[in-house]
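Let's start with one chain on its own, the form predicted on its own, as structure tokens.
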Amino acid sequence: MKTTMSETPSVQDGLYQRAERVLPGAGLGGYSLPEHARFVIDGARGARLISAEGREYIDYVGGAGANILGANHPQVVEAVQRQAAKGLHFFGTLNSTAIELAERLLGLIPCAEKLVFTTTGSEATAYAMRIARAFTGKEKILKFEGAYHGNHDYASFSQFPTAPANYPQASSDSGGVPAPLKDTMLIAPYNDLDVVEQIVRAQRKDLAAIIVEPVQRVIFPNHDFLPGLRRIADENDVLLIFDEVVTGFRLALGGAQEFFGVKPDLASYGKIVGGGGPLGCVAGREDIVDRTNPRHKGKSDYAYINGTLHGNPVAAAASLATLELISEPGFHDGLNARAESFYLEMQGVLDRHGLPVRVTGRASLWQFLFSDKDPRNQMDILASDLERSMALDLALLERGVYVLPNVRRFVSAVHTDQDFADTLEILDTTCRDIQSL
């Protein structure tokens, strides 16, 4: 039987058919777009992604925030190529590029006196918790409802709640997580110091650390929240961990610690710190980080840290090139100002169409919420109309604006005025078409 033109699958359809056979849900993780909106990325140019069929998408996903300079900045690519020619990977002893990067990071991260490399941000948060437990001799960790600290078992509690927790009781978001771990993780509402203080005082004998995203998704802290956590931790002999996987090097060169003026005991990093490559780290006080010293093997307070790609020289080269570029005077002030001006313009479009949508966020992190206020915690996010915001996001995606529905997005340094203008035009068209939402 002869196949008609309309029955011939597109290049993209063909790729998805292949993916369905080899990848669960034809995905690379926890996201699966509906068939009418999905596409396959073939490359990038500036802030635009190019699909396998040659269509352009204005990219606000930014490699989940890793690509503050875009997906293929020439100086980063050149640094990677130079290092690749010298060697893609080494293991078992130091490489000079990793040493240079460690020195550079210690000069930029406010809390850093020593650091250990990891491969990912998820690894970094898992190791930060392990180091805190080893240092204090205590097992419990307090995290915040709705906070995302990666994909490991200890992080897989109350990440995606649909109702308020029975604080501080945790609930698992994933199958396969051992039930006893639930007793080691405590949950509190973000931006609520009273509840945090009650929990910490009650649990201080067993509590090793508080771990917090300084900006939880797009929820910014109340002015007294992070200083309050610092005070509570100090008064109760508990460590404070900042998960700076997203905020690190994005809010400011010194990350959230510089932006908010609060210094934790430990901080975990991923995304931007790898320059788009597989690299993260845990940085902090020397006496705490030294619990990972391999010379301490066999001691009860030794924290085992090891990974095949830790300090990978290609990722370290990408990181050094990225840090050089974002260290230029005025980089973050300029990025944040341009982003916030863009948010005001988007809000103006939404308001003109009478849609009850807020462009929520600050600096270079943002999201659409069908809500009448900026969120203070995860329950405020859930109280918004997530179905309508998902419909808006999907409509934008179909028109060439790459956002993941109901997920935080980013402005990068390579977004141009034309990218913003095109986005505003697409948003205006989308608003006219979805008035029935």
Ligand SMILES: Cc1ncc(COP(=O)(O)O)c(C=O)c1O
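In this text the structure is predicted, and so the values were computed from the model without any measurement. A residue's number is simply how far along the shown sequence it sits, counting from 1.
Form predicted together with this ligand: not shown, discussed below.
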- Task: Just one of 253-261, 142-150, 220-228, 95-103 has residues with a heavy atom within 4.5 Å of this ligand in the predicted complex, so point it out.
- Result: 142-150
- Note on the structure: Checked G248, G275, G121, G284 for heavy atoms within 4.5 Å of this ligand in the predicted complex; positive is G121
- Item | Triple contact flag K114, R130 and D265 to this ligand in the predicted complex, non-hydrogen atom at 4.5 angstroms | no
- Does the 4.5 Å heavy atom contact test between T125 and this ligand in the predicted complex come out positive? yes
- Interface membership of H73, this ligand in the predicted complex, 4.5 Å heavy atom rule: no
- Indicate whether K271 is a 4.5 Å heavy atom neighbour of this ligand in the predicted complex. yes
- Message: When the contact criterion is heavy atoms within 4.5 Å, does R409 count as touching this ligand in the predicted complex?
- Response: no
